[in-house]
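Just one chain follows, in the form predicted alone, and it is written as structure tokens.
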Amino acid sequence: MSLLPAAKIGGRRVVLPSRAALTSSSRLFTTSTATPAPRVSPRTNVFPSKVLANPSAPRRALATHASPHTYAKLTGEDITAFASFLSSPSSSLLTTIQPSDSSCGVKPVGQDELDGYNADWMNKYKGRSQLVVKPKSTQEVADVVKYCYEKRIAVVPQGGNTGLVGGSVPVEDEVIISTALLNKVRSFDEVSGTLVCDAGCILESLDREIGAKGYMMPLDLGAKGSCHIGGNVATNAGGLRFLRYGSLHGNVLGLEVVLPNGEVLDGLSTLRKDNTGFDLKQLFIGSEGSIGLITGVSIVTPRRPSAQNVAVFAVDSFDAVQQVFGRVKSHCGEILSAFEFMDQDAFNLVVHHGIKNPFEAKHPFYVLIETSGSNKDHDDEKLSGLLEELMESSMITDGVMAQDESQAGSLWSLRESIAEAAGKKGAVYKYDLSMPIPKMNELVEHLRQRFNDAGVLGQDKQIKDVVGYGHIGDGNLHINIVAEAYAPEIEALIEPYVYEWTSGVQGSISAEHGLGYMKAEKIGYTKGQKSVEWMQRIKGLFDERGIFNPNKYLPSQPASK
């Protein structure tokens, strides 16, 4: 990344970008140099008895205590029945159980062939399912689910299995219904940009397909190469484009859902405006497979921008991160599509992981901005004014800008590779929180101090790193705590402290990753008791036998039938 000709502004040596260089990856300026896992411990249905960050904050209790459900165990007769619902049972059914009818087309496999479905990608949450069903149509899903409902067999819907809270893997031996073979694009309207597709379509594949027609998916995730659009919707995934395009609650137009009793709710509307009755699809967006299995998605997609710029700035404090965010919003306005931050520990982690460092010196914080528009000259003019102001005000201490798409990808990898780099270094405790922006780094510092006081933080100790990063634009903080191994004593240092602290600043214990198994019993730190009770009533209305994703999302309650 080449330096531009040097100039002086306000007596400081800087590099002033020319108009032509605004889309080039260049050093903007330089100032002086700156410096196999065990099962996690059982959940307890707790309430925040002590709010550390704000002692006067109201305490929020959970609505109910966990109650066990009783589910049927699979038999050979069940395997034969499942095979009869599938058009290709030999490729759509994996099981360790011998079917009662050997002519059904299914042969048992070793347990190791189910390992990838039974464990999450962090190898933190593991189940013991003996059956994975991969239907190829909505009707096949409905037939399988109806049978499970009648026999009281517990079910776990599973997409790309890229979740971080144990929501898509069994807790015990639930049947896994995978959407992997529901992978067809049903239609795309090039006038309105409306896409209708199966729930098992991979996000990156959809983005590539509609990209050829001048459109893009309204969300972008680090797991885009593996995650399914149905799973994205079921978890209300946020990601890197949230600042510009908003949440899936606004982008999803309609859903096709198989209900826990096997009925199909066909709501695949492609209308942008429909003011008739309750908007039922909103119940399923973010419901994490607790009240229905999404099989089809209708979603509006925005035009792919013809002009895009990516830059990374170095700043000397978290206050400066916030100041830069304010200036960037003011100057870029409608073309600002991303504003990410990472602290020095997060940045060091990805550089150690092998990502090229574009800076000569170390800095306390880094911010990545992306602009996306349709008029290159217009966008360049906005950026020119922004960079001049940031340099003159000394808000940033160094910076680089991408010259082309390849270098833009390299700069994005500094942010997108953090989770992968953390996973390569050790066992990772991941926390996805939302809170007022000024509080985001404060929690990271409090955790580091807490671990230092306990004598467990250091490269040769139980906790190797504590890194903070996330989406400044929507107040979403990601904390990755890299440990030598998952251990109860380490988890006890983190929880419930991190939830109490977040609750104390009126934040949310889940910004975009969901609740899953990890946080189901902890929803009371964010939602009041009455809210949780109504959520449980809705769960009971749709899933009266409690067979869908049991022990997750909400505090457990007895099945009504």
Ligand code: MLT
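All residue numbers refer to positions in the sequence shown, first residue = 1. Worth saying up front: this structure is predicted, and the values here are computed from it rather than measured.
Just so you know, the form predicted together with the ligand exists too; it's not on screen, but the next bit is about it.
Listed residues K281, K382, H478, K134 were compared with the ligand in the predicted bound form; H478 is the one with a heavy atom within 4.5 Å. Scanning L349, A154, L336, L164 against the ligand in the predicted bound form with a 4.5 Å heavy atom cut-off leaves one residue, L164. Although the partner is absent here, H513 is a contact residue: one of its heavy atoms lies within 4.5 angstroms of the ligand in the predicted bound form. Contact check for K464: no non-hydrogen atom falls within 4.5 Å of the ligand in the predicted bound form. The closest heavy atom approach of V328 to the ligand in the predicted bound form falls outside 4.5 Å. Interface membership of R415, defined by any non-hydrogen atom within 4.5 Å of the ligand in the predicted bound form, is confirmed. Checking 362 to 370, 469 to 477, 306 to 314, 189 to 197 against the ligand in the predicted bound form, the stretch whose residues place heavy atoms within 4.5 Å of it is 469 to 477. For the stretch 429 to 457, the set of residues having any non-hydrogen atom within 4.5 angstroms of the ligand in the predicted bound form comprises only K430.
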